[in-house]
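Just one chain follows, in the form predicted alone, and it is written as structure tokens.
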């Protein structure tokens, strides 16, 4: 194994861990702030460390500390299978994390003639791995509800299992239509396929070539992640908290974090299969490698513009009434973060100038293209996570019978119809 292989493997693993784990506090913060925006309130923005609030992100880390230090409660009525009762949240969390490991964050990078994958788990059967691991994750929810020996928890577990059966079928059938279209089960090849065009001018994204499969897939992933409006397995208004009723402290936190990791993974899979993954529309990796100097020149004025609006937003929102004593702390935080953002912008601008002057085919250009694609992937990932959050805070929870009816009566027949149409087009039109 070469040094380059080891370096790329470690980079991919660290990047996957950061995007999966560090995204949890960010998504919790985003959930709360978006909920506050929808409900016409501020959301958490007071908790700070040395005066630094970071717009409310520090509150998420405070919640982690609270859950770690909180007293554990072990229900006395659970006599048998207590170790499995305690292991159940870890199963759900671990499966959501493992499913994220097969997502390609950038196209393969060529080092000394060797093509290396930017994937934490560099396998070619990405979609099969995701579906298999996702199916195992439901076991943690079923075990948690069943072993709680609580009627509300048991109802939640049964609901979760019924949801999985009712929506795994449309999910799998929509994936079959995608595999027929892309002729591959490799996530990276799917993204490369989407760098082309349809009808000569439309980007060949999955949402355009397979719109029905995309809609079915997105709906089923909402169900798989137990996000509202499909959160009937933990319906607080009906069954207290469902399968999580008997869980406290870090056991509850594992379920809680597992939901956000699953949402993050679902967003990554959606953009990989239907929205071009790490690619920009109409732009292939080869085109980027050959014309990256042009992209560097285009980004040079755009980055300061984006930073300007970020600073303007921060100064507007990181302010309270003059009579509040903590205002001085907020002014200090704004000043420090403004200086940090400006310094970061200057460094990035100097790097872009250097890259713009590099000849075509330089190794530094390959590294820059990889990092650029990672940034594109993260931006798309945040957009779809925001979509998940907005849906939760704008739609009411469906009734359990409505959830089942949608899966069996509508999505299953539509997915079968989509496979039939896809097969006709693939075989007849090629």
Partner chain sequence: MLENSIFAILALFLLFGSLGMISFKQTVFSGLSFLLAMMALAGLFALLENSFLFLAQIMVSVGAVVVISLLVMLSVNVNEQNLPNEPAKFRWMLFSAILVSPFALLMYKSLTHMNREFVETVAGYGSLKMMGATLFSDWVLPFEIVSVLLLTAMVGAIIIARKEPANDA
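Numbering follows the first chain given and starts at 1. All values reported here derive from a predicted model rather than from experimental measurement.
There is another form of the same protein, the form predicted in complex with the partner chain; it is not shown, and what comes next is about it.
Open item on the list: Within 4.5 Å, heavy atoms only, which of 292, 256, 146, 275 is in contact with the partner chain in the model of the complex?
Closed with: Checked against the cut-off, the match is 146.
TODO: Note which of 152, 129, 93, 252 lies within 4.5 Å of the partner chain in the model of the complex, where distance is taken over heavy atoms; exactly one does.
DONE: Exactly one listed residue reaches within 4.5 Å, namely 129.
Task: Segment assignment from 138-146, 193-201, 69-77, 279-287: heavy atom within 4.5 Å of the partner chain in the model of the complex - done: So the stretch in question is 138-146.
TODO: Answer for residue 185 alone: is it within 4.5 Å of the partner chain in the model of the complex, judged on heavy atom distances?
DONE: Heavy-atom contact with the partner chain at 4.5 Å: present for residue 185.
- [ ] With heavy atoms only and a cut-off of 4.5 Å, decide whether residue 304 touches the partner chain in the model of the complex.
- [x] Residue 304: no contact with the partner chain in the model of the complex.
Task: Partner proximity in the model of the complex: residue 157 to the partner chain, non-hydrogen atom cutoff 4.5 Å - done: Residue 157: yes, in contact with the partner chain in the model of the complex.
- [ ] With heavy atoms only and a cut-off of 4.5 Å, decide whether residue 309 touches the partner chain in the model of the complex.
- [x] Judged by the heavy-atom cut-off of 4.5 Å, residue 309 is well away from the partner chain in the model of the complex.
TODO: Would you give me the residues of 76-94 that have any heavy atom within 4.5 Å of the partner chain in the model of the complex, in order from first to last?
DONE: In sequence order, 80, 81, 83, 84 come within 4.5 Å of the partner.
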